[in-house]
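One chain is shown next in structure tokens, namely the form predicted on its own.
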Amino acid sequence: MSAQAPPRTELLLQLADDELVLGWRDSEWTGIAPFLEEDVAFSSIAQTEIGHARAFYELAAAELDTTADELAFDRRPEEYRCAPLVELNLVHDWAKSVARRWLYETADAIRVDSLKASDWPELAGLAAKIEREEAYHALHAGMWHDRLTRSTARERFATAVDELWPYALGLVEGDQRRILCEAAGREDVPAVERGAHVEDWPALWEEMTMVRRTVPGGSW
């Protein structure tokens, strides 16, 4: 997987890697979220994100004559296409984790909407299905955005959004960045682009792929 994939497959890998890694990061709140309801919510969201990752990997695997499992877990850390936003280790920082969820869902809604117009029927159909399933994610993220914006933690939350905003812009490209700026009510700034991984990434890759590397050929 070290060679550059065809453009449409490259897009699938970006989407799949984003969903897989963010799902993994969200799952880190299981058992330690500030409220029992959020323990359940973040676990549920994580499962859905990883399910979407699998669907994208399966489309990409068909193009690359491989399997979803191999794409998800057999690549070297530098071969993943995920955006730096999803790699960040934000566990134990609720404000930043909520800020990431809100920024990610805002950007992801733009991406998924554009995919519905794809001339690749399988991708367009998958995007329509994902959009329906992501409705709860967007509702949850929006609720927490509004809640923290009106709370005594609003300054901390605003600081978290400011810090993560350049990372959020790295989720999308071209005109989608303009749309994201409008949707988030924020200005365009230099983005933290794909292609470079954050320092938190190698440790997460080690954890994600541990079982697969211990039991070669195992399925997820």
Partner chain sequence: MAPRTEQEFKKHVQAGGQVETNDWMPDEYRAKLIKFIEMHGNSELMGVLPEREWILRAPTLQRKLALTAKVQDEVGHAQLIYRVVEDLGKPREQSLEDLIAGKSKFHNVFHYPTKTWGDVGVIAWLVDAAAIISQKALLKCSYAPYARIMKKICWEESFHILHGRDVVLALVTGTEEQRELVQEALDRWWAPLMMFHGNPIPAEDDPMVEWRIKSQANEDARQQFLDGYVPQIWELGLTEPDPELRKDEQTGVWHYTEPDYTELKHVVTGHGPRTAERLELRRISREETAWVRDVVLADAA
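Residue numbers count along the first chain shown, from 1. Keep in mind that this is a model prediction, so the values were computed, not measured.
Keep in mind the form predicted together with its partner chain is missing from the figure; the text below concerns it.
Participant: Could you tell me which of 139-147, 121-129, 105-113, 80-88 sits within 4.5 Å of its partner chain in the model of the complex, going by non-hydrogen atoms?
Facilitator: It is 139-147 that comes within 4.5 Å of the partner.
Participant: Using the partner position in the model of the complex, report whether L36 sits within 4.5 Å of its partner chain, counting heavy atoms only.
Facilitator: Yes, L36 sits close enough to its partner chain in the model of the complex that at least one of its heavy atoms falls within 4.5 Å.
Participant: Within a 4.5 Å heavy atom cut-off, is S27 in contact with its partner chain in the model of the complex?
Facilitator: Flag for S27 set to yes.
Participant: Does any heavy atom of L15 come within 4.5 Å of a heavy atom of its partner chain in the model of the complex?
Facilitator: L15: no, not in contact with its partner chain in the model of the complex.
Participant: Determine whether any heavy atom of Q176 comes within 4.5 Å of a heavy atom of its partner chain in the model of the complex, and answer yes or no.
Facilitator: Judged by the heavy-atom cut-off of 4.5 Å, Q176 is well away from its partner chain in the model of the complex.
Participant: Tell me whether V40, H92 and T152, taken together, all sit within 4.5 Å of its partner chain in the model of the complex, counting heavy atoms only.
Facilitator: Contact check passed for all of V40, H92 and T152.
Participant: Could you check which residue among L180, I50, L164, A60 gets a heavy atom within 4.5 Å of its partner chain in the model of the complex?
Facilitator: The option sitting close enough to the partner is I50.
Participant: If you apply a 4.5 angstroms heavy atom cut-off, which residues in 97-127 are near its partner chain in the model of the complex?
Facilitator: Not one residue comes within 4.5 Å of the partner.
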